[in-house]
Ligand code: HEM
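One chain comes next, on its own, written as structure tokens: the form predicted alone.
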Amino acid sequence: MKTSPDWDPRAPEVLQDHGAACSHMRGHCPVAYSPYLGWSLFRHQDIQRVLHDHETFSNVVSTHPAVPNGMDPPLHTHYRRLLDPYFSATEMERFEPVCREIAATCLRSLPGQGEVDFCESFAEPFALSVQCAFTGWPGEVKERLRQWLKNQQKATLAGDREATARLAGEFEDCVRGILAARRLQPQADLTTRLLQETLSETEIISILRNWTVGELGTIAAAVGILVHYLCVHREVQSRLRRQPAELAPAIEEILRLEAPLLSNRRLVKQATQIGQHRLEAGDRVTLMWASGNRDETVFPDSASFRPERDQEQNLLYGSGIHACPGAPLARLELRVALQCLLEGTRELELSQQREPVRATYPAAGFASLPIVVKA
């Protein structure tokens, strides 16, 4: 097993500009080892190979059960067949008015003039409110979830496994309380529906954790990235205000350029070769989504905003059988949030007083995004 590092994902220059660091690695060392991430893959073709080779690379990367995406076929196939209907076109159509009202409520909380931290005032409350509405969780859970998410991100950044384990237990306790309440008094919501499936409580908690943890941080990051892009590229903002039908492809393209989820993990099941490197069974592999989506061999002129380009190879929601099951919900949330913001404001601008603060890897997007909202 390789022990000498090829790069340091936590080096100050990498954290300062993760995109530039990934571009450099993609060109000079596309298969790179580090003690922190194991083998990092930066090329689109290598990432796709791992995503579609289930005999060699496993999704079971944690001792903590993760239903369904932390599983391999055929178990993964069983759960996806059971859960995918929760994100059907019919379900999304039913949920859209609820999502739209949440976005409108978040917009009304913004000042008509003056500076506001968009992450704190819109992106995070929107993600929390939508997730609670989708699962049917009571409003009082939102603050608990908000604090839990912040603590989870802090523990992940610090590599504090003890804190991560404790927080996992806190989340499970929270969900168990909600499940107990639904058993006593069923509701017309997703959580009650899950209780009616042939699933154990452990499985339900894992599913809800997978949906909630994946959804909250990524949606909040994505909304912040989108608004920052529109503030910087005022001509794109003006164009989308005039032509809202172009929002969907524009969102996919902006999030190809600026990833809300930077990487994903796999575990090597049997020895294999990638490039000039031999990977052994048990080796960790990190798929650098953000790098793959900037790969010039797949996306010509990859640094340019071209919403008309074919998005088939966009890794925003993964690829293959493990593609994000919640992608339809995420696409709905992002489209509705931007529609509401563009329809309900005259202009969105970056603050002239304070600079945006980037989130620190492995988080993506912005920790703080000061903007001026002109109603």
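Counting begins at 1, following the sequence as shown. The model shown is predicted, which means the values in this text are computed figures rather than measured ones.
Beyond the structure shown, there is the form predicted together with protoporphyrin IX containing FE, which is absent from this document and is the topic of what follows.
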Check: If you check in the model of the complex, do C106, V116 and R354 all have a non-hydrogen atom within 4.5 Å of protoporphyrin IX containing FE?
Finding: no
Next item on the list: Tell me, please, which stretch of 344 to 352, 319 to 327, 28 to 36, 305 to 313 lies within 4.5 angstroms of protoporphyrin IX containing FE in the model of the complex when heavy atoms are compared?
Entry: 319 to 327
Check: protoporphyrin IX containing FE isn't shown here, but in the model of the complex which of R182, R100, R80, R241 has a heavy atom within 4.5 Å of it?
Finding: R80
Next item on the list: Only one of A127, L230, L194, L261 comes within 4.5 Å of protoporphyrin IX containing FE in the model of the complex by heavy atoms, so just point that one out.
Entry: L261
Next item on the list: Evaluate T272 for contact with protoporphyrin IX containing FE in the model of the complex, applying a 4.5 angstroms cut-off between non-hydrogen atoms, and reply yes or no.
Entry: no
Margin query: Does any part of I254 reach within 4.5 Å of protoporphyrin IX containing FE in the model of the complex? Heavy atoms only, please.
Written below: no
Next item on the list: With heavy atoms only and a cut-off of 4.5 Å, decide whether K142 touches protoporphyrin IX containing FE in the model of the complex.
Entry: no
Note to self: Under a 4.5 Å heavy atom criterion, is G214 part of the interface with protoporphyrin IX containing FE in the model of the complex?
What the structure shows: yes
Checklist line | Heavy atom contacts to protoporphyrin IX containing FE in the model of the complex at 4.5 Å, residues of 204 to 223 in sequence order | finding: N210, W211, G214, E215, T218, I219, A222
